[in-house]
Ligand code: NAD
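There is one chain below, alone, in structure tokens, taken in the form predicted alone.
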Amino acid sequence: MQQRLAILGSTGSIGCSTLDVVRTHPTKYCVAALTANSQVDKLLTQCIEFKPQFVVLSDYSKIAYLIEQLKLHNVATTVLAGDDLADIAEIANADIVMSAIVGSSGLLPTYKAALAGKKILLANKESLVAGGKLIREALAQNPKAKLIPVDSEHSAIFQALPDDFVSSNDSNNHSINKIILTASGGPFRCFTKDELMDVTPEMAVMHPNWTMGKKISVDSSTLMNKGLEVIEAYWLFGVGLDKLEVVVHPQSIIHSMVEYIDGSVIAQLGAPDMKTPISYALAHPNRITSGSPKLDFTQLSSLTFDKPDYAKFPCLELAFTALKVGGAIPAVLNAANEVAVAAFLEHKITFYDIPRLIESSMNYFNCADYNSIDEVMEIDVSARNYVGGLI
């Protein structure tokens, strides 16, 4: 029986890679729903091929055009507006939800998918960064719900953990000594601090190993992406902050590692291609072909590791600090980062203004906390307004 799949953010790199995997397994999965922000022509092409029952387009100005084009191509897809995004998993009666929206916009639909008992493939780390406590509570409320990580690092950790691992303070967590997330180091790994003063957005989006969107590419260049992943790992795997570590691994072959108390280290290796963790998440607990290139160990000259440089890349340390402080500070960090990165991409601020703005917002909201989805979204908006005012 085909499983019904809703892809939130289908026109982004993760969404497109997910459709690549689905294309390889047409008898296993059918596309029930697709969502996009504004890339209407790309969404139209996907609709013509996969014929989803529903699509959500957040850009209201392009909805009429999409409806007209679908009629011209005889595609019987119902077009919904952005207000329906949060509920699309239930509207489409999806079995699996790929949460691949960029930024905190993915928080509410991911939260609602958890409440609805869906199998969630999480590629939207910001959901856990901003509202990890709430999503964990939602998962606990509905035992049918599953949360499977798609980020290559978290997928690697997920695969290296015991099959019966429980994300809690359960006793089997005591066998884990350390979770080690690897970072490529981004395009500026070898730059001096003086050289980093002059980097441009055009330089920052040129990642050496991965093909990603502009926002996540800038996050990789500042190492904020790794900081967000540390916070995500905290909520995913239920280990203490003292058991989370980052090492720089420029080749991006080892995606992450788990060190056990007996000295064993289990690592997951693979080519830097997102179709591998996507296919694993889709088929879990089984495995299916992904279409990713296979590793040729004879062609690997070396695998190297180094400590991250917090002086050159302060965003990573800010993320550790936000997790240590707790409350709503990770949500503040995330919101501030999104606004700052957008301003950097528009040439409004410099590379090092990004961590300055984030730190200022964390200090301003240093006692913020939340107990509901509405509260965390209000804090998100307040932090964005604060950073926007500074810019």
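In this text the structure is predicted, and so the values were computed from the model without any measurement. All residue numbers are counted from 1 along the displayed sequence.
Unshown form predicted in complex with this ligand; subsequent notes refer to it.
*Asks:* Does any part of Thr24 reach within 4.5 Å of this ligand in the predicted complex? Heavy atoms only, please.
*Replies:* Thr24: no, not in contact with this ligand in the predicted complex.
*Asks:* Is Ser382 close enough to this ligand in the predicted complex to count, meaning some heavy atom within 4.5 Å?
*Replies:* No, no contact at 4.5 Å.
*Asks:* With a cut-off of 4.5 Å between heavy atoms, is Leu223 one of the residues that contacts this ligand in the predicted complex?
*Replies:* Close contact is absent here: in the predicted complex, Leu223 is far from this ligand, nothing within 4.5 Å, heavy atoms only.
*Asks:* Check Ala100 for me: does it contact this ligand in the predicted complex (non-hydrogen atoms, 4.5 angstroms)?
*Replies:* Ala100 belongs to the contact set for this ligand.
*Asks:* Select from the listed residues Ala336, Ala328, Ala36, Val31 the one whose heavy atoms reach within 4.5 Å of this ligand in the predicted complex.
*Replies:* When this ligand is considered in the predicted complex, the option within 4.5 Å is Ala36.
*Asks:* To verify the annotation, which of these, Thr77, Ser105, Gln268, Ser184, has a non-hydrogen atom within 4.5 Å of this ligand in the predicted complex?
*Replies:* The residue in contact is Ser105.
*Asks:* Taking the partner as it appears in the predicted complex, which of 196-204, 235-243, 119-127, 283-291 has residues with heavy atoms within 4.5 Å of this ligand?
*Replies:* Answer to the contact question: 119-127.
*Asks:* Out of 44-62, which residues reach within 4.5 Å of this ligand in the predicted complex, heavy atoms considered?
*Replies:* The stretch touches the partner through Ser58 alone.
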